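Just the one chain here, laid out as structure tokens, in the form predicted alone.
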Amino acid sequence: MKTLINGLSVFSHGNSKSKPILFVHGFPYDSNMWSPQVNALQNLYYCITYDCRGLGSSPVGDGQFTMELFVDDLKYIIDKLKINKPVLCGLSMGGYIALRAVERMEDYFSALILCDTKAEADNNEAKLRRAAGIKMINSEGIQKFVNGFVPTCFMENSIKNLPAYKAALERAKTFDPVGIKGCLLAMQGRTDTTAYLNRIKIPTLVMCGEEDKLSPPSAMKSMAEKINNSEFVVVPGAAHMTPMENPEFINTTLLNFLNKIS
């Protein structure tokens, strides 16, 4: 079911009385990236996805986005839907949002799932890459940026053979350039949440694709080791977009984790 909440497109699947899981997608994608997980879990769990501000079918506004605004949106959705302590699952940019949300209001959540993401803020090199992305969009257009960025998130085999890759690539090209640039600004300006990792008390699962070059397994393992009693899993046959590239493995891992904490 689709609902508009503060202008954002929010999608709910399954029985609202079941244990809730709130999925936050990565950049420059939309809620469709979680379709394999929603399809696998909706009969057992109440699955909520949404299009982050400026992406998918959610509004762009002025494009002046911050990570704090993204967390405010997340909190507003939880409050409006009266979701009781959801499991929070985020990938990449969605992981940045999830980590900051837990730092701000951990008692809102019952568990945390982090996929292919990092706690560190952008260093200078990364900030310059974000700036170069904005410059490219301004001078050469959104298609040029998307065609250059999206393939870096997938394995070569996925690029050649995964239908979901082409679908995600083509959808991203339809998004408003102002929204894409706004997300780049938000990620560039986000705070570092590393210092909070050892204070996280809720059960946490950390997953990373074995060929992820954007947030490599060694870095994610180091992050997981800072979270008390967290579980770290390397996802075979996947790069950065693990839920799309190896959905069967991800779904099994999610179910095992959810069964443990139920």
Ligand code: MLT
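The shown structure was predicted, so the numbers you read here are calculated from the model rather than taken from an experiment. A residue's number is simply how far along the shown sequence it sits, counting from 1.
Separately, the form predicted in complex with the ligand exists; it is not shown, and the next lines address it.
The partner is not drawn, yet in the model of the complex one stretch among 88-96, 136-144, 168-176, 154-162 has residues with heavy atoms inside 4.5 Å of the ligand: 88-96. Taking non-hydrogen atoms only, Gly56 never approaches the ligand to within 4.5 angstroms in the model of the complex. In the model of the complex, the ligand lies farther than 4.5 Å from every heavy atom of Lys181. In the model of the complex, at least one heavy atom of Leu214 sits within 4.5 Å of a heavy atom of the ligand. Within this chain, Leu185 is remote from the site of the ligand in the model of the complex, having no heavy atom within 4.5 Å. Residue in contact with the ligand in the model of the complex (any heavy atom within 4.5 Å), chosen from Tyr45, Phe27, Tyr196, Phe232: Phe27.
Along 132-160, one residue reaches a heavy atom to within 4.5 Å of the ligand in the model of the complex: Phe149.
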